[in-house]
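Just one chain is shown here, as structure tokens, and it is the form predicted on its own.
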Amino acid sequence: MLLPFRLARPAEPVFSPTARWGLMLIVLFALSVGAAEAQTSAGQPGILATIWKWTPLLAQGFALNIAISFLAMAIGTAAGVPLGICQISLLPPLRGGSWFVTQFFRNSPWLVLLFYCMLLLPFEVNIAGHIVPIPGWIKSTVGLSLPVMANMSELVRGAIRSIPAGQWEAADALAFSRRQILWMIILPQCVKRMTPPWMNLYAILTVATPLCSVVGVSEAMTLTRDALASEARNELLVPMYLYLLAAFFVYCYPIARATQALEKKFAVK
């Protein structure tokens, strides 16, 4: 029998926003707008009108946040899957080396990794005599992909280890090689186990992309700060940042709901 009798969920940090959070954000935003309007001087534009004026620019910054999250997730997943498979290798040097890389980047502060990538990666490269600049957002994407790679490696290792030993023994009895067992029997079962925590990891990565503002990337947080500096109105501070927070919530909440739905769908009793 090569079918799983249970699905074990790898233990991962949970990012699960609820509808209550959205309601709280709406209430807080309304209260902050009301308080800011009370502080607005005569002749100045209203708070909502000012926020709406800056919305197209903030939307461009938010789009960069999403692009960084997509690319970092793709790079981290592509690198993390083979790294996780190496963690179950029968070769001690390969197994130990992949474990060290996984633990090092998994337990490193994301902001520190961002700074290292910004400082160590070149600002431009020479390709066939042509100077090609490397913008800061690409280096930030590489920096964020490193912890994603490590967490993805641990997801793969945990999913493989959660497959009952009888699966390996039954396949071995049928004369499958270790490679065939892994690629034809074990990994296909791991996809369902890894999908919900993989989506959860993407949500965590998305809400971490504003860290790029610290290293000078012109994403949504940076542009919000620039808009506040341009307006020079202290009463705009709380409403503008709550507006940005609501944008991240609106994007991440469906992901959280889809993750919960997949967990229920893939659960086997």
Partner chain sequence: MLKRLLGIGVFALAAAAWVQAPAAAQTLDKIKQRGVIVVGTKADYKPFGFRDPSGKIVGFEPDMAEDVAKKLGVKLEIEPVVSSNRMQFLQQGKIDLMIATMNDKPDRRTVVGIIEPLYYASGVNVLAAKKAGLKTWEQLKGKKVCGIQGAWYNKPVAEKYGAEFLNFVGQAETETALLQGNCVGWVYDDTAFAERLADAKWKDFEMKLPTIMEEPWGLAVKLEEREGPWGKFMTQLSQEWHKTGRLIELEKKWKIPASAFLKKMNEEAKKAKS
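No experiment lies behind these values; they were computed from the predicted model shown. Positions refer to the first chain, counted from 1.
Missing here is the form predicted together with the partner chain; even so, the following discussion is about that form.
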Only one of these stretches, 27-35, 64-72, 203-211, 230-238, has heavy atoms within 4.5 Å of the partner chain in the model of the complex; which one is it?
230-238
Among Ala165, Ala173, Val191, Val125, just one has a heavy atom within 4.5 Å of the partner chain in the model of the complex, namely Val125
Within a 4.5 Å heavy atom cut-off, is Leu182 in contact with the partner chain in the model of the complex?
no
Within a 4.5 Å heavy atom cut-off, is Met118 in contact with the partner chain in the model of the complex?
yes
Within a 4.5 Å heavy atom cut-off, is Leu57 in contact with the partner chain in the model of the complex?
yes
Partner proximity in the model of the complex: Leu223 to the partner chain, non-hydrogen atom cutoff 4.5 Å:
yes
Looking at the partner chain in the model of the complex, is some heavy atom of each of Leu94, Gly136 and Gly216 within 4.5 Å of it?
yes
